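Below, in structure tokens: the form predicted alone, a single chain.
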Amino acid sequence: MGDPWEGLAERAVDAGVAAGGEYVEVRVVRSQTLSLSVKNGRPEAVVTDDDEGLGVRVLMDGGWGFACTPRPEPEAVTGAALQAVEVARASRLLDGPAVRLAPQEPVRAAWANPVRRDPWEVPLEEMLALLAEATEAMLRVPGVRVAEGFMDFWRTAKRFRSSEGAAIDQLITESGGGIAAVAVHDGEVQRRSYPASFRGDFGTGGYELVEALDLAGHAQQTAEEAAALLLAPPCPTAVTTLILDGDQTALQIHESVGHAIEFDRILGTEAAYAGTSFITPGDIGSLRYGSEAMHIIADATLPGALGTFGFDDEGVPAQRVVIVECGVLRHVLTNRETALLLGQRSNGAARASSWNRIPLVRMTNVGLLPDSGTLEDLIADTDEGVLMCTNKSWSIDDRRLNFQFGCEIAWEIRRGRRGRLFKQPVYSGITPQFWASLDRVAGPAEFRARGTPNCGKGQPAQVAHTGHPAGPTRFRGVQVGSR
């Protein structure tokens, strides 16, 4: 069976230009998903989805128009193009500056991330057996009542065509999974997850990413920690030294840096779904964001990370951008529209969640640069403090300034050693002051790019997949406690 969309993207571009569009871009997207869940050794859900369609965005007289269709038919895509032109024409009736785009050389290319084992070729029986083995191992630990295992896979084929001559085809495969143990006693419930909470960890690649997690090999420790939390005291309230594991550091970066540096939020043009930013356009290049130990990059070229691609959804090549250098904000994330306001070219952060959504400025792989040492080195170098691991909850204001985050587990640190286990740990802070207290970052051996497959933004809502290179970090003078 041939490609039902063959030639239709080009037809939509031609129709948009003929109707008066000054710039026309078309995306044909097919998104396939496969999700598996196992609970207490038994399969609970196997869910598949296959969705495809075409979206047309038109710039005309400084106004945007967008329309889309799921029908791979000449009349349907022509109709979508003409509707997008009409919307663009109507957009100019609104107040506001005319939209202009930063220049971009049109690219003609194909890109796909490496995949060693195609998840859609792996027998379901093999995947379910792996999750069953892990959950059964967790369930054998006394006190554990619920043991869950998850795998999720996404395969996205994108075709981008524009009136400037761009012709880009991409195939992105993403995979990952995780396990969780829930211990219950006398009305109290405690949960531990591996390798991360909220269904696990993810990256670009195939089933080999799941195999590398060794879910069954980490099942017993995960369950034992959940059971131990039932007997642990709450994390004491104090202002102290805080060490975060790589998973929680990734969440800290995502919420207090990643969203704050999206330039549409900074401009106030994208305020839906919890968001503007405490950063102002005048801060770019000079704002003291954190200590000199803070070096943040946004790297869409990072192999294996969840925010990796060949080209963004405006046809701009993936890039590595320095965001914070020695604690000073150097750049922010832009698309072609917002980059022009800075007199720059886009740094390739325009992404849409599907064919029926417009591209927004989104995180790619926003993370810290590693320094030296291991998590154990950070602990050994700390006289008194708390180690917190694995995100459990997050709360941060619309400007990405005041926050409180909770973790699944914590340990007391005294005289360079781990001490008592604490449950329900939380910490709070104000973004620039918190990052100013960063005094150590672990080395490359502790670093990997954690994947976040549930980043929400926009209205109507869009869910993006982002990556966050991170490892253990240490902060001084942080308010901690429990909830």
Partner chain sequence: MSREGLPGPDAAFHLLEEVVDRSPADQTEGVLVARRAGLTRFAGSRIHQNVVEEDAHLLLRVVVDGRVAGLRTNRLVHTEMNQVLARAVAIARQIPPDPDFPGLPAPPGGPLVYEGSVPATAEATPHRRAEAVRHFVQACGESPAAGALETGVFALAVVNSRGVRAYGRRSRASLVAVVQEGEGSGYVQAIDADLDRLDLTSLGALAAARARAARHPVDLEPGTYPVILEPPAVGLMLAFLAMTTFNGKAVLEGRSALATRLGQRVMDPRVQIWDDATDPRTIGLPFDFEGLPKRRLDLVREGVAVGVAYDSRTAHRAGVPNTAHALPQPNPFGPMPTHMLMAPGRRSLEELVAATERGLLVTRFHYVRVVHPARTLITGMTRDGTFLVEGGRIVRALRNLRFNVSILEVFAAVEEIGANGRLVGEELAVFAPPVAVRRFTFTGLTPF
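No experiment lies behind these values; they were computed from the predicted model shown. Positions refer to the first chain, counted from 1.
As for the form predicted in complex with the partner chain, it is not shown, yet the points below apply to it.
- This chain appears without its partner; in the predicted bound form, the one residue of 70, 419, 416, 444 with a heavy atom within 4.5 Å of the partner chain is 70.
- Scanning 110, 342, 239, 271 against the partner chain in the predicted bound form with a 4.5 Å heavy atom cut-off leaves one residue, 271.
- Segments offered: 83 to 91, 101 to 109, 208 to 216, 301 to 309. Contacting the partner chain in the predicted bound form at heavy atom distances within 4.5 Å is 83 to 91.
- Contact annotation: residue 399 falls within 4.5 Å of the partner chain in the predicted bound form, judged by heavy atom distances.
- A residue is said to contact a partner when one of its heavy atoms sits within 4.5 Å of a partner heavy atom; residue 142 fails this definition for the partner chain in the predicted bound form, lying far away.
- Among heavy atoms of residue 124, some come within 4.5 Å of the partner chain in the predicted bound form.
- Although the partner is absent from this view, residue 245 stays clear of the partner chain in the predicted bound form, with no non-hydrogen atom inside 4.5 angstroms.
- Of all the residues from 193 to 224, the single one having a non-hydrogen atom no more than 4.5 Å from the partner chain in the predicted bound form is 199.
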